[in-house]
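Laid out below as structure tokens are two forms of one and the same protein chain, each shown alone and named structure 1 and structure 2.
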Structure 1
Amino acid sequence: MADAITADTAPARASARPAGSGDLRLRLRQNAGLLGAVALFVLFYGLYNLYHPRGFSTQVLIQNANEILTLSLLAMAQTVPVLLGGLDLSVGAVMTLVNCLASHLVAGSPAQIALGIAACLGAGAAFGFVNGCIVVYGRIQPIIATLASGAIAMGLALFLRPKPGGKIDADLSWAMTNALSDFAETYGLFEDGKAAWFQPVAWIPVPLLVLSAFALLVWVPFRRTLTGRTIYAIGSAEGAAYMSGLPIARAKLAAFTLAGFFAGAGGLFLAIQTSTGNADIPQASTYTLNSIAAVVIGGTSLLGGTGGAIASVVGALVLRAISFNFRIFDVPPLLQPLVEGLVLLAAVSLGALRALRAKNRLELFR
């Protein structure tokens, strides 16, 4: 019998490739969520700048950059566990914990400051690692494990800063929250930032550089390591990942460690920006919830497996850009929370369009 069947069966194979999809179109289709987010951002941020008296100016850019950095870092932090198919409800608390820690450590001689910064980032990563251990070896679901560990982080933060206070090196604060030129000026680099070659880049806000650094020097390479790949694999199908001999435990630990690291970085910058530590419980949960919203708006699936930290940054930008507009347009103050809520609801519901379009309802259950 077999012989009869070896005649050309190409038509059958056609089903393998969805009707005429070039690789580009494939990529686009696979990143539809992100594209939507970018469009939203362009819309909101464009409006904001168009109507802002000093729209598209450096000051405005600097101010915005300062405002988005912490949330963006937390969005990146949230992304990693989400890719795993979990959630990290402790990012806000870890941010706060590190924020309080920084208010003790990041001051004094340059050496001390450098050490303090390292310690803060280390602390964030360490806490994330502990989360990872609870999840991997305790086999407790991430969402609930981090709900609990978040409370613990909050407690520690309150021990460190029963009430707001502390100090961060003033120069550092100023240098980190302004344009590159001010940075150079503060630390007397490049002829106090007057160097000719330096001018073209002098206007760039430092926070944007920091963000890019974390994205391009930490996330992008990590994503291309085996461990990074494994995180996606686990989010997609943990059993299969294990069967394929992937380092499950390592990947999970790495994911939460990285989350802690990014969250810590967020806390550190918050400290630098505000030059204080403040164990503010509502603020912590605000950031946690916003980080989740950012991840979703960025098009990363809460089921894990698809998406990325950069997309989540865009999500964070969208969130911020929404509230920017309240400072321009005259929305009655007591209606602002309502409008904000409605826009958020609409933004996160964009994904629904897919559900409504799906012609085979089984596809909805992925």
Structure 2
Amino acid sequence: MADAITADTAPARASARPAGSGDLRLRLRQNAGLLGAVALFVLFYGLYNLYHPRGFSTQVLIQNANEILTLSLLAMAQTVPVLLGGLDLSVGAVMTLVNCLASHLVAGSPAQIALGIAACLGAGAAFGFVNGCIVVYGRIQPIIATLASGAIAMGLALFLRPKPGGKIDADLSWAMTNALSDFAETYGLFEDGKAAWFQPVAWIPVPLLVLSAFALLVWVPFRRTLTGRTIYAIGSAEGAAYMSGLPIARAKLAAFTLAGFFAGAGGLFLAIQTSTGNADIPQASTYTLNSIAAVVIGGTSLLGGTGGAIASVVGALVLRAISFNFRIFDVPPLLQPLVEGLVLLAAVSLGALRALRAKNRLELFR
């Protein structure tokens, strides 16, 4: 009888609870990693600006935005294969290859520059597509396939640029690495950039706008497509996705192609920022490892199926904010990897804590 009373009254108690509160708690649990990354970024970046002699100024923001963009694009590139449940170890090498290619192509007339930019982005996407073909049709694990293809990409980069050099259009380099007002003035978009409506946004760094454009115009629409949803389904349970009739092969090809596109965009901007091409092997390895760290810090699961590129951008912001503080507080170079490793370990541990507390795998997706 007591059991019957309990069973009958339970729905009443559940219905008495505000519907919105349950949804809010669910969303907070699902985005706990992202919210933690945002809190870390606010903490580290706020601390950096408080102790910087010119903190909270436009000049500092522009400098930071330039340092953030390439890693953020590499983090977005790494996110897509991770959502499948794999890793792409070639993103740093693809970035370096496109960086060297851009030093040959992004110069000359406006038409030549536009074609050069398109060729660089296309080269990155094409290399990612090749990675996808190796994984899908060669049936090779992504971590092995991309390790081998990354070595090929570095070889091509060294062929293009045995020594650092090349040339990037000076106007493009200046306009893309400064504030929106400088971009407008460089290309004469407004009368001396002094239009009244333009002034409130003239201070915004162009790199932040570029990053926002890639996130909102490329990633967000892609995620909402059938292919984008299939990538999440594969990472959650590939067998179930296959039995549901989802386009598995197409989704994997699209994932690696998009990863190559984002990595190519990172290499293109690195060339624009440095005005040169450089087949730097240690730099490529560092960017690859940092892209994985950014994905983890942003709350995307390395098991696949949960997370997103925007969360990984936040993870990249956290990594860069930590490195900014190294300069302010004169942390010895030998101790910097230790500090970054501790932060990454803490982020991974917090993500694993939820899995350890779950009674079964289904609870991870509630």
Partner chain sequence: PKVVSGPGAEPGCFKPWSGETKHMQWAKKPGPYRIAIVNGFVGNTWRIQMIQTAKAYAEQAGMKEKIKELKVVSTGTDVAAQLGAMEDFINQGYDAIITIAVAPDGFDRVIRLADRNNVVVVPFDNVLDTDKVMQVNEDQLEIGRLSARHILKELGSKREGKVLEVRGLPGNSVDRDRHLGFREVMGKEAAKMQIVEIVGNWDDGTAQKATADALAVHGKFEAVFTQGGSTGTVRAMMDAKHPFVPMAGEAENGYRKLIAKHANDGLKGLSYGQSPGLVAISMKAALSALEGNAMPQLISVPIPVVDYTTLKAGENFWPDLTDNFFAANAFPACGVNISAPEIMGKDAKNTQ
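Residue positions are counted from 1 along structure 1's sequence. Rigid core (definition): largest C-alpha set, two forms, superposition within 1.5 Å. Please read these numbers as outputs of a predicted model, since none were measured by experiment.
Matching the description of the form predicted on its own is structure 2; structure 1 comes from elsewhere. We note a C-alpha movement of 3.7 Å at Asp330 between structures 1 and 2, with the rigid core held in register.
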